[in-house]
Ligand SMILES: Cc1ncc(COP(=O)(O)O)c(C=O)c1O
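To begin, one chain is listed below as structure tokens, in the form predicted on its own.
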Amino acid sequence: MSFPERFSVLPEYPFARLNGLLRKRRPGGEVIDLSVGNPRHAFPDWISEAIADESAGLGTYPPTMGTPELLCAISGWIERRYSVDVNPDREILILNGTREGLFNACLWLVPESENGQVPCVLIPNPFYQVYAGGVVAAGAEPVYVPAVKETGYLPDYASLSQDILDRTSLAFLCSPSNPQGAVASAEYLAQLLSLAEHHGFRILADECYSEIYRTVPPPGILEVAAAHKVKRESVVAFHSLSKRSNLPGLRSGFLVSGRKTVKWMKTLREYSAPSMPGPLQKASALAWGDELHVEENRLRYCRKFDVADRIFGDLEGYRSPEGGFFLWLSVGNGESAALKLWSDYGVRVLPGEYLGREVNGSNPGRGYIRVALVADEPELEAGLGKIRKFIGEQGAVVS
């Protein structure tokens, strides 16, 4: 039995590729892993206590669409964070992590054809690889749009041809962006919303890093849409507890959209995805209702940004990220740099080209490495110091 040929365009997943790259080399020192965006800050003790207290709930099937407590906690957070009213029962869909929603949104929302042609889905390049998986699974055409220094590390979708825009069904946007840490301004979001309305496509706004920033909270797609009276059906916003609350293992997230869109997605999710366990729904509701641990978490990342700025600040072209927890460093050749950092120093980073796609002979991630600021501060400082030494030895210019 053969597999669908369309999946052959998907390369091996980035971390599997990295494992293959480094497998035959021994680390050149004590291993410092800065490759995976896996938050390592402690989550609140009361999360564990809530799960234990609710453990009897594991004996019953939980509500697939979320408990009233969780839905109200999420709608309350949205109102506090973005000053937007969301109906908890009709405009929110609970997810087992946003990876589920970001992938399935393509299966659920891409039509068989768009204006009589194969639908397009717009993807910033480089990007979170789940986007491409969902597009290919839906049988749509992925259109990779450079998110590079010249475009502020955000995609310039308005520069695309009329033909592509007219057959676009969905457009992905991540802000703060992974891997570059760029934040889309309210003006940028308003222009994108206008473009989407004009051409009749939805924006899938991946805002999972929204609570990790330096000074000013990044604007969200929901608040900008409300300010410009754009119908909510035009957007799908995704949020997660993974980065905000250091709970990646909880697999707890949600999406928000218009009532018709959410109703359709709920119907399909009944078939395609499991319910979130009851104890985890309880813990999630508590997490969305508390901001103190989020503020403490953000301060820790700000201190890590300061460490990075001190180590790399004298390098020409160094750019401190506005949000998220990654450094996007120019090193000439990302794959070669990742291999040498591992074999000479024991530092594990991700080659930028593994997060990009080659278009017209160019992969915008090829000259970069992505460095996750997730380790404890002493370990992080040691790892960044080794990267700084490597860059100095290579004569690479950070940009």
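Keep in mind the model is a prediction, meaning the values are calculated, not measured. Residues carry their position along the shown sequence, with the first being 1.
What follows is about the form predicted in complex with the named molecule, which we do not show.
- Remark: Gly97 counts among the residues lining the named molecule in the model of the complex, judged by a heavy atom distance of 4.5 Å or less.
- In the model of the complex, Cys106 stays away from the named molecule, with no heavy atom inside 4.5 Å.
- Residue contact with the named molecule in the model of the complex: Arg167 places no heavy atom within 4.5 Å of it.
- The closest non-hydrogen atom of Tyr209 lies within 4.5 Å of the named molecule in the model of the complex.
- With the named molecule left out of view, the stretch that reaches within 4.5 Å of it through heavy atoms in the model of the complex is, among 126-134, 210-218, 80-88, 224-232, 126-134.
- Between the options Cys174, Val256, Leu329, Val121, the residue in contact with the named molecule in the model of the complex by a heavy atom within 4.5 angstroms is Cys174.
- Note on the partner interface in the model of the complex: the residue among Asn297, Gln281, Ser242, Ser75 having a heavy atom within 4.5 angstroms of the named molecule is Ser242.
- Residues of 316-331 are not found to place any heavy atom within 4.5 Å of the named molecule in the model of the complex.
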